[in-house]
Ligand code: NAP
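Read the single chain below, which is given as C-alpha cells and is the form predicted alone.
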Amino acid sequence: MKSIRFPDGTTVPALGQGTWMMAEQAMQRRAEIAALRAGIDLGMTLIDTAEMYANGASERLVGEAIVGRREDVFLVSKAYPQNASSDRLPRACEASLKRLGTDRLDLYLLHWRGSVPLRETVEAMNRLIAAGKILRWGVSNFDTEDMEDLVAAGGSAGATNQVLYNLTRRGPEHDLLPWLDDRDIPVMAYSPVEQGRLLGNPKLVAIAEELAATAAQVAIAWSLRHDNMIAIPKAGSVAHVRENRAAAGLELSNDDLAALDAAFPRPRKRVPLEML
C-alpha cells in the first residue's frame, strides 16, 4: 500500500480506519472489533477516533481491538475544542489514554476550532509531547484562514489537517489542499463515501460497474489519487473492511478521473470548508 509521510518523516499507510459512529450499538460491538483487527492485519494500521465519538465509547472499543497489537498501530484521537486549554487538554488526553488502554497517542488532533486561543492550544500540545503523552499533534476541520492563524499562533501548522473531503465535497481543492501541499502537510480525508450516501449515486455506480468495482471502492480510490492524502473510511464488518482495503489497489485511469470530474464537478468558486 502507498505510504504517506508526515513532516517529521514518519510514514503511515494511505488507507486507514475511521471509527465515527462505532460503539453506538452493543449488538455490533463484536463485529466492529473484528473489523478493526482485520484492518490491522490487512495493513490499515492507522486508526482514528475521538473523545467525542459515542461519548468516549469508541475509544474504549478501539482500545479493546488493539490489545496486544499496540505496537502495530498508529493511533489517532481528537480533543473537543472546549478541552483545548492549557489546564483541560492534559486531562482530556489522560482520559483518552485511559479509555484506549495506552500510554501515548501517535497523533492528537484539535477536533475543530473553538474559543480557546490557538497559541494556548499549541503550547499545551507541545507540553504533551514533552511529557511523552503524544508523539505529534495536528488539527481537524481547519480551513485555510484557520491554518494561517495556526502558523501565526505557534510557528507550526502541525502534522496534519483532517477534513471532510470526497466526490461531493470538493471545496478544499480550491485553496486548502494547495496550501497544505505547498508545506508538505498531509490531509486526512474523513467520510470519503459521505457516510454511505455516495453508494447509491447512479453516476458513481455506473462508473464502478465499468471498473468491476464497488461504488465505495471507486470513491475511496479517488481520494487516494492524491500523493499527500490519507483516507479513513469506517467499516463495521470484516467484509466491509476487505472491500475498503481493495480500494487501495484500484487504479483509476485519466479517462476514469475525467468521468468522475464530469459526474462530480468541483465548485466553480471557493466555498467555506464543510463539516459533518
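The first residue of the sequence shown is number 1, and the count goes up from there. Bear in mind that the values here come from a model prediction, so they are computed numbers and not experimental data.
Separately, the form predicted in complex with the ligand exists; it is not shown, and the next lines address it.
With the partner omitted here, the residue from 173, 194, 72, 148 that has a non-hydrogen atom within 4.5 angstroms of the ligand in the predicted complex is 194. 235 is the sole member of 61, 44, 235, 224 with a non-hydrogen atom lying within 4.5 angstroms of the ligand in the predicted complex. Contact check for residue 121: no non-hydrogen atom falls within 4.5 Å of the ligand in the predicted complex. The ligand is not shown here, but in the predicted complex it comes within 4.5 Å of a heavy atom of residue 216. Using a 4.5 Å cutoff between non-hydrogen atoms, residue 199 counts as a contact of the ligand in the predicted complex.
In the predicted complex, the ligand stays beyond 4.5 Å of every heavy atom belonging to residue 169. Heavy atoms within 4.5 Å of the ligand in the predicted complex are found in one stretch of 63-71, 203-211, 226-234, 36-44, which is 226-234. Residues 48, 53 of 36-74 are found to place at least one heavy atom within 4.5 Å of the ligand in the predicted complex.
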